[in-house]
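One chain comes next, on its own, written out as structure tokens in the form predicted on its own.
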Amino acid sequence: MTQPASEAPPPPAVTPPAAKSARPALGLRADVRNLSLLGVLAVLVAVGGITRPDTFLDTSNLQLVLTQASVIGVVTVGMTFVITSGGIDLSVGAIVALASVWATTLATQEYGFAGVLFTAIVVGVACGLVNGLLIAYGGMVPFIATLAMLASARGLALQITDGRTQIVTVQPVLDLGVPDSYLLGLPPLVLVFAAVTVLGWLLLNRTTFGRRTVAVGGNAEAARLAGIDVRRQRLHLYLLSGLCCGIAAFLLVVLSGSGQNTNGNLYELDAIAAAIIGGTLLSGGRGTIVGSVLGVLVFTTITNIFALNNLESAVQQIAKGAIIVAAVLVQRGTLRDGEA
């Protein structure tokens, strides 16, 4: 018996070619960006090996580069999430300073290792909470809210220390920075940075939280209409940024053995720059943890090469600026090729 035409099964849905190719194209552009940064990093390693072959490629110096990258790297992971959502956080350096000095006061150090670590993280999260509440529920522009936090946190850090350096006397904290604590030749700080990077990548790329972050950054109103609580998402993102600052503050205390109100100076600019050259859009809607980490390694390697060659910091800043411009131009060219 022939089936009536009205009851014939509908034809199979056909996915538009553009939708099929969109995800591979995005992945290809991300791969090109990361390969470009790896190329820059390889050139820098070659330059360091040629100019200072006796010291640059030494194991202790490479460990130092990774250790120095760990502190700003953890901050950059948090910054990547914030920028991906279309926000900005200018207070990360000041939060690191405040968390480091609060964690190294005499009263805090009486509680030992746990007291120092707990205080650093709580101060970071508390500052992130204030930022998040002002921005998400207070309606303040992220630039203004975090700028106010920058000034306030720096001022409070100065008041706590009275301009003095607070020396760490808790031996377990100091022990994390000595070679005897290295695991497989890697300092504990580097292992913490690696763990934060892996967790950050999983959170951004394999969870609903990450997809919501990208959606809010791409179009906040569309995200709201799709059922995403945009305000709560933004609050959580600044809490995450504050948490990363607290972890970085503890790592900095271990690295320097002290707490100072000048800690974290210009971290906000370094973190933003590393995220941007890594491929995170400043306007939001796209972020990459791998690219941000590569950006951190590029900047840290530049700093190390300049220090070993006794070059002026002014020239170092010019080189960093040139790399930022070059990286952005490469990314724009890649985007145009992908859209063609």
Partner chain sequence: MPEIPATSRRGLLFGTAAVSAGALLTACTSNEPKNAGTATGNAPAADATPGAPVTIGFAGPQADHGWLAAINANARQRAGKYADVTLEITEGSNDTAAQIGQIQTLINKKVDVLVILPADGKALTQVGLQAMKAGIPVVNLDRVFASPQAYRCWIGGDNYGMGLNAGRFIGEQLKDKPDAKVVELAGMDNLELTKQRTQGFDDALRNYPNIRKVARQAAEFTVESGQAKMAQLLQAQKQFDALWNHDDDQGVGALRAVQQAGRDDFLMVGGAGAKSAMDAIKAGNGVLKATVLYPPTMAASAIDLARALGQGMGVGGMAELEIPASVTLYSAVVTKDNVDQYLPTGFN
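Treat the numbers as computed from the prediction; the structure is a model and nothing was measured. Positions refer to the first chain, counted from 1.
The following text describes the form predicted together with the partner chain, which does not appear among the structures shown.
Under a 4.5 angstroms non-hydrogen atom cutoff, the partner chain in the model of the complex lacks L203 among its neighbouring residues. By the criterion of a heavy atom within 4.5 Å, G227 is excluded from the residues contacting the partner chain in the model of the complex.
In the model of the complex, the partner chain sits within 4.5 Å of a heavy atom belonging to Y267. Shown alone here, V254 lies within 4.5 Å of the partner chain in the model of the complex, counting heavy atoms only. Residues placing heavy atoms within 4.5 Å of the partner chain in the model of the complex fall in a single listed stretch, namely 165 to 173, out of 120 to 128, 140 to 148, 229 to 237, 165 to 173. When you look in the model of the complex, the only residue of T262, S152, N219, T207 with a non-hydrogen atom within 4.5 Å of the partner chain is T262. Residues of 32 to 71 lying near the partner chain in the model of the complex, listed in sequence order, are R52, T55, D58, S60, N61, L64, Q68, the criterion being any heavy atom within 4.5 Å.
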